[in-house]
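Below you'll find only one chain, the form predicted on its own, shown as structure tokens.
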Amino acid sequence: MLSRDLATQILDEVLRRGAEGAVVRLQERVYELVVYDSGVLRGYSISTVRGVGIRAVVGGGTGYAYTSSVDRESISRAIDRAISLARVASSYGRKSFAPVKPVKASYRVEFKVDPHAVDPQVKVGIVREINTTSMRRAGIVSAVTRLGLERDRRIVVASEGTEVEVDVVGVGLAHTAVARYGAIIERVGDRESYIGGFEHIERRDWLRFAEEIDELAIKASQAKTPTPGTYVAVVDNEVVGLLLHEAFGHASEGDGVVAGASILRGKVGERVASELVTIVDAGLVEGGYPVPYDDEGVPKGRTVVVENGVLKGYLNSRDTAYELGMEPTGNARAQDVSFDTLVRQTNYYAEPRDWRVEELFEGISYGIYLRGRGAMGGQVNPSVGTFTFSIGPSYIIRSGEPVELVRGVVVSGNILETLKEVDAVARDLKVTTSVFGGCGKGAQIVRVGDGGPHIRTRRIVVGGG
């Protein structure tokens, strides 16, 4: 059984063998995935990550090692590897860490129904019904439906006296439909995830959820692509989250700033967005993924990155905080114990203002309403702030109303210019997460949340796919 007692025993042994500082991480993660593809059960898998990660500091150098076995001999070898690597690293320069106050705390997601204790036949039955119903719908040529269930328990102890434990349970369902109209094929997907137990799966009308996706794919396959050009745009919650996380959030991560790979380097105190824009990264927010403490054991509170358009700071681990002369923000995260930490976002979003959503459309004679359902992702360059994203089926706005569905929508631009053109921010804050993926960086994927309210920007470049 992985426990704080075991973690502190390992920590004591690392220090006894000569380390001047250490962080010990224990983790047990179970992930269950059911996949139905076009009426056929394509996969039912259960994967487990279990092990111990050790970061040792010797002579100012750091070394990281892990073991998936928790017997005494395996742990002892991992300690030796971490110390040995730290000694090697010390010969290449000394690394310093910003000081933190030790914390002893626990966080546990409450749930009613353990998702991993539910009969597998019940899980398969839910996914099969949704998928086969979709395949019977006229116009749909293929569909993929997935059910994801996860429990992730982490323990972090550090030589400064920190002892934290986090236990998160999450569930979700994803559906992707492909529709054909003549020679046109349109793919639309969406997913909903919840932090909690299987009760969230049981109470949701998933047939209706999938039907909405199918219908949107069918309508989109019959729609035109938008005329390329520069538009006034109303942007929904999902697209706001995508733009902020990918194009702005990565630029605000401290390791990129230190490396000179961020457009935000040297801009603290400068205006980088409209005065209506406030951007935060928070460990706990409704709808997001809970990260009350990072993988260094540092509390993850509410970090204000941009306040009323002005850049206030960056996201930091303990080492980037030291290098930048800032405070740690609780953003040192790792995919699992087989990796050391990187600076990562947690729940990144724009704060709401006072506009009603319908007010954002008023006065737009011709524009576009950018929607996130079915978005395909894209490319960003944090060093210069450029982005290109494939957005979901969206609507042309005429005389203040979204009236014409368009498909194949691609948006591009510079994130600072786009944010400076924001002239209205709605009150409908929405943050979401996903048990089907997350944010990728340095060959690691971590769960995140993103979102915001609807916004209006005066200028965004739109092309047709």
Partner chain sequence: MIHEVVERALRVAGRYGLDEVEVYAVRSSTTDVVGTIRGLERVTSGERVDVGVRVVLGKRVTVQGGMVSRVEDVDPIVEAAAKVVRTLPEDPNWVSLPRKTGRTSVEGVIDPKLRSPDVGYFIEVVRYLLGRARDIDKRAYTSSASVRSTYVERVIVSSHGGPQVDEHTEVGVSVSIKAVDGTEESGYYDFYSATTLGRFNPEELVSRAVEVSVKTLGARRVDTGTYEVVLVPRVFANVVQALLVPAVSAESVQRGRSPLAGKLGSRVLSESLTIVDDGTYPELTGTRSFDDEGVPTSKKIVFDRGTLREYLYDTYTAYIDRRESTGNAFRQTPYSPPTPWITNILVEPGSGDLQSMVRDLRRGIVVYSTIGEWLSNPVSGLLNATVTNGVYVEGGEERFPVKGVVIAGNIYEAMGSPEVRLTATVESFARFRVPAVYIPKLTVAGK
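Keep in mind that this is a model prediction, so the values were computed, not measured. Residue numbers count along the first chain shown, from 1.
The discussion below concerns the form predicted in complex with its partner chain, not included here.
query: Though its partner chain is not shown, can you say which of Lys430, Arg398, Arg427, Arg42 has a heavy atom within 4.5 Å of it in the model of the complex?
result: Residue within 4.5 Å of the partner: Arg42.
message: Looking at Ala89, Ile201, Ala174, Ile126 here, can you tell me which has any non-hydrogen atom within 4.5 angstroms of its partner chain in the model of the complex?
response: Spelling it out, the residue with a heavy atom inside the cut-off is Ala89.
- prompt: in the model of the complex, do Ser68, Gln121 and Val258 all put a heavy atom within 4.5 Å of its partner chain?
  reply: Checked in the model of the complex: all three residues contact its partner chain.
field: Among 113-121, 291-299, 190-198, 99-107, the region lying within 4.5 Å of its partner chain in the model of the complex by heavy atom distance
entry: Contact criterion met by 113-121 only.
query: Is Ile46 a contact residue for its partner chain in the model of the complex, using a 4.5 Å heavy atom cut-off?
result: Yes, Ile46 sits close enough to its partner chain in the model of the complex that at least one of its heavy atoms falls within 4.5 Å.
- request: Could you confirm whether Asn308 comes within 4.5 Å of its partner chain in the model of the complex, counting heavy atoms only?
  value: No - in the model of the complex, heavy atoms of Asn308 and its partner chain never come within 4.5 Å of each other.
- prompt: At the 4.5 Å heavy atom threshold, is Arg407 in contact with its partner chain in the model of the complex?
  reply: Output for Arg407 is yes: heavy atoms within 4.5 Å of its partner chain.
query: Using heavy atoms and a 4.5 Å limit, would one call Val461 a contact residue for its partner chain in the model of the complex?
result: Although its partner chain is absent here, Val461 would touch it in the model of the complex, with heavy atoms inside 4.5 Å.
Interface residues of 420-435 toward its partner chain, as seen in the model of the complex [heavy atoms, 4.5 Å]: The stretch 420-435, when checked against its partner chain in the model of the complex, contributes no residue at the 4.5 Å heavy-atom cut-off.
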